[in-house]
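Starting off, we have a lone chain in the form predicted on its own, written out as structure tokens.
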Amino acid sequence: MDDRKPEIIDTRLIARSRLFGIEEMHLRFSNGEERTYERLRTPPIAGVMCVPLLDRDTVVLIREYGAGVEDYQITLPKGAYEHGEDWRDAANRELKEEAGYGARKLTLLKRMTLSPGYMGHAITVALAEDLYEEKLPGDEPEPLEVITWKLSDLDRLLEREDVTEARVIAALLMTRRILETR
């Protein structure tokens, strides 16, 4: 198999909303085949998500409305970087805004993509430990419910109908695996 990336012959913006841009990409593959793809334009601002641990077995979650699924979801604190922030600063700020905690220790777990076939959106996932209480004002339209859950009972959490976000599920499973090997 040829590992050469396809040549991007042309890209053009075909639609734009307040939040999203849709690009058309004309590609030429190493075997000469040409195709046109559509993709969501990658946002210029990166995202970060925290897996906050109160102790070895207790994760801090939040419950917030997800417009994409038109329902409330149990999720992890996350958001976009602000200008000039690195992932650690962004993770700690989002954690304080959404869950009311700061972290003295942040460890990079993984940089994840969502649907790389049609978007370049990525999120940096961090394990947040040695938490302390600190609340910053956030930009949410309503107060977020903060929930704690035992990782030893993670299977029951993942069975819930309001836990559906794949990157949250992946981050929680990675965290459980990491803690089991410590």
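Residue numbers run from 1 along the displayed sequence. Since the model is a prediction, treat every value here as computed from it, not as a measurement.
As for the form predicted together with another copy of the chain, it is not shown, yet the points below apply to it.
Contact annotation for Y65: at least one heavy atom lies within 4.5 Å of another copy of the chain in the predicted complex. Contact between K110 and another copy of the chain in the predicted complex is found at the 4.5 Å heavy atom cutoff.
Contact between E140 and another copy of the chain in the predicted complex is found at the 4.5 Å heavy atom cutoff.
Within 4.5 Å of any heavy atom of another copy of the chain in the predicted complex lies no heavy atom of D10. Along 153 to 182, a non-hydrogen atom within 4.5 Å of another copy of the chain in the predicted complex is carried by D155, L158, E159, R160, V163, T164, E165, A166, R167, I169, A170, L173, M174, R176, R177, E180, in order along the sequence.
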